[in-house]
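Heads up, the chain below is alone and in the form predicted alone; it's given as structure tokens.
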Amino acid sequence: MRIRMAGATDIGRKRKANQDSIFYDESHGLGVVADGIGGRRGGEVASSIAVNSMKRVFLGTESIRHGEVNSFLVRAIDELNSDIIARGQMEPDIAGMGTTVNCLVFVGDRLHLAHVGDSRTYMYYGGHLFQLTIDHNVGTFSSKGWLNPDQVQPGAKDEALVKALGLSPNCEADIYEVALKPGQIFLSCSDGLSGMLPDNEIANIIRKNYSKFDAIPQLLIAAANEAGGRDNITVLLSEVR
């Protein structure tokens, strides 16, 4: 399988800075999207560390056997988490910073995906959009019964994160493995996209512009900004060919 990638990031219409980070390298089958936690100092530092550390760890590895990719991702997420915490300890003014991360690794006929936080990865296939990841936030965890009411701080909003890199020494990522088929498109994005556009509108934009693959990230960003652009917006598309 061959993978084609296209991505973009935008500050949006309401934020003063872009705390999202993105990296992708289709020749190595690697893509990373990270969204620094808003309302905390150093969100842009945390997301940048997540992306650059994953790039360093992955590209610095000579080879990864197919059966070792998932365990590699678990170790890599631990290292990213430690890097963010260590940076905060060195610079007290950004201590406590955190970030989401979605890391995609394409190997052979499989996508391996590590997910922490509420940035999402979808699969578009056959004209339909499917959300692969689960949002690690209060609303989702409460609705699924994974959080008791007494575990939720009074006044906590549904979008408050339950899991993110940098918040505690132990950060367990969700690991997904998906069999690849030609024609699949994987969309990884920060909640600046998913929080502004319903899934059916995202699917329609991909469907209408399928032949203009490289333009789709900017078209999705423009639509999110038109809907209000309340947050930074980052989009990464990975097409299986």
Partner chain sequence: MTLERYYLVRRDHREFIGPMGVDEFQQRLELMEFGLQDEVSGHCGPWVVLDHKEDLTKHYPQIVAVLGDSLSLSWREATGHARVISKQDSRRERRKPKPQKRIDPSDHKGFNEFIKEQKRKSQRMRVAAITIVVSAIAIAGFMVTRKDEIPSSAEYASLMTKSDPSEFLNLMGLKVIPYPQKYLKTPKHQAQWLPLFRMYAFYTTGAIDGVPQKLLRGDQPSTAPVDCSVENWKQRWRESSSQTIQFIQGKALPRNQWTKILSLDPNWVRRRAAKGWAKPRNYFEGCLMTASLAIKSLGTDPGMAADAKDGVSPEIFEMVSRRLQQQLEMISDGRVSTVFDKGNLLGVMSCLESAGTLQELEQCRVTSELALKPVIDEKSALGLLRLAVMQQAGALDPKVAALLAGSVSKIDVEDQMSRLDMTPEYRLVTYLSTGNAVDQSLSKVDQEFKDIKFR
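Please read these numbers as outputs of a predicted model, since none were measured by experiment. Positions refer to the first chain, counted from 1.
What comes next is about the form predicted together with its partner chain, which does not appear here.
>> The chain here is shown without its partner chain. Which stretch in 187 to 195, 212 to 220, 171 to 179, 46 to 54 comes within 4.5 angstroms of it in the predicted complex, by heavy atom distance?
In response: Checking each option against the 4.5 Å cut-off leaves 171 to 179.
>> Suppose contact means a heavy atom within 4.5 Å; in the predicted complex, does that hold for all of Glu68, Ser82 and Arg110 with its partner chain?
In response: Yes, the whole candidate spot contacts its partner chain.
> Wondering, does His128 line up within 4.5 Å of its partner chain in the predicted complex on heavy atoms?
Replying inline: Yes, His128 is a contact residue.
>> Please determine whether Met123 contacts its partner chain in the predicted complex, using a 4.5 Å cut-off between heavy atoms.
In response: Met123: contacts its partner chain in the predicted complex.
>> Taking its partner chain as it sits in the predicted complex, is Thr61 in contact with it (heavy atom to heavy atom, 4.5 Å or less)?
In response: No, Thr61 sits far enough from its partner chain in the predicted complex that none of its heavy atoms falls within 4.5 Å.
> Is Ser27 one of the residues lying within 4.5 Å of its partner chain in the predicted complex, judged by heavy atom distances?
Replying inline: Although its partner chain is absent here, Ser27 would stay clear of it in the predicted complex, with no heavy atoms inside 4.5 Å.
> Which pick from Ala160, Ala95, Leu132, Val152 sits with a heavy atom within 4.5 Å of its partner chain in the predicted complex?
Replying inline: The residue in contact is Leu132.
> Using a 4.5 Å cut-off on heavy atoms, which residues of 200 to 230 contact its partner chain in the predicted complex?
Replying inline: Going through 200 to 230 in order - heavy atoms within 4.5 Å of its partner chain in the predicted complex - the hits are Asn200, Ala203.
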